[in-house]
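Below you'll find only one chain, the form predicted alone, shown as structure tokens.
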């Protein structure tokens, strides 16, 4: 039986930012933004990547769509290494993977109308005439529930609300019919009620178009509503990876439990009895230690944690944890 390759495969990706780039600098120190991450994403599913600010989530997302080159490792899309593509192949890849940025205020050109934003992808890739592109822009606005479309086509970003801007950004991302969309904190800048409607829209679009999402967020509970698999990232590394229900039922890494505890729960009866408070301060991302990176904050650390770095190990079926003493 032939085993199909995943849509996306991240293999041991690292991204280091050297310090002291000047001609006279001899420093070999570097910021370890992403440090040996491997992930797989199947067609038509959503992988949620969660972690606090500075954990390397956005850097990894931008590497996946080719906006940043990794220091080491590879990104395979449909079996092809994306950083080996050149010319027409590289240009064609843009139609297959897109990104939704966190802040629509910054990602939309304030001098361009919605019509320009949505027709430009078709014109740039020579997939439609101007009149055909206008028609497609009209239908895109219908897909993201900005109706009637003629009310929005000639508006500028400053004439739209935050939720409307993000819907335009989503419309732009799906314009060329991509197979993969990296969504970097797509609802973090929106009000709670608007968040719910945008997440519902993203689910509908995925169902209708068969998209795969690589969802980046700091909110585990929001991620739960849309993701099939959740990866938890800390200090540039994946510390826990499991199917969503499994991870919420049995969070095994102390950092995952701390993330869950940091999110307010409306019903106190659901709160778990185990303490998940972290202690101490995180290590600097500049040349981090070669032992457990969470050890400076972990209330459960032991001598072994200060001697070498743990590796991702499967503690239950399809549940992986980077910890010597999973909870």
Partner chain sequence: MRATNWPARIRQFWVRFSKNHAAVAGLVIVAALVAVSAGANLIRANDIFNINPGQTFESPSWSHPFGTDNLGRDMFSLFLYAGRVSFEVGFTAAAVSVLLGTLLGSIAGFYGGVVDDVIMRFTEMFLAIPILLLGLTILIIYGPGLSHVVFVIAVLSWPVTARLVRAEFLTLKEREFVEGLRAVGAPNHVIIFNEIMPNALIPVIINASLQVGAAITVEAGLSFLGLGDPSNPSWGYLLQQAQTFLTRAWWIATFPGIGLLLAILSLSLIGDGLNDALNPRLAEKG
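Positions refer to the first chain, counted from 1. Predicted model only: the values in this text are computed from it and were never measured.
Not on display, but discussed next: the form predicted together with the partner chain.
K.L.:
Using a 4.5 Å heavy atom cut-off, indicate which stretch of 79-87, 205-213, 136-144, 113-121 touches the partner chain in the model of the complex.
P.N.:
Flagged stretch: 113-121.
K.L.:
Would you confirm whether the three residues 103, 154 and 172 all fall within 4.5 Å of the partner chain in the model of the complex, going by non-hydrogen atoms?
P.N.:
Affirmative, all three are within 4.5 Å.
K.L.:
Given that the partner chain is left out here, which of 230, 108, 233, 183 has a heavy atom within 4.5 Å of it in the model of the complex?
P.N.:
Spelling it out, the residue with a heavy atom inside the cut-off is 108.
K.L.:
Of 97, 242, 252, 168, which residue is found within 4.5 angstroms of the partner chain in the model of the complex when only non-hydrogen atoms are counted?
P.N.:
Exactly one listed residue reaches within 4.5 Å, namely 97.
K.L.:
With heavy atoms only and a cut-off of 4.5 Å, decide whether residue 301 touches the partner chain in the model of the complex.
P.N.:
No, residue 301 stays farther than 4.5 Å from the partner chain in the model of the complex.
K.L.:
Although the partner isn't part of this model, could you tell me whether residue 40 comes within 4.5 Å of the partner chain in the model of the complex, counting any heavy atom of the residue?
P.N.:
The answer is no: residue 40 has no heavy atom within 4.5 Å of the partner chain.
K.L.:
Consider residue 286 of the chain shown here, and say whether it contacts the partner chain in the model of the complex, taking contact as heavy atoms within 4.5 Å.
P.N.:
No, no contact at 4.5 Å.
K.L.:
Within 34-72, which residues come within 4.5 Å of the partner chain in the model of the complex, counting heavy atoms only?
P.N.:
Heavy-atom contacts to the partner chain in the model of the complex: 62, 67.
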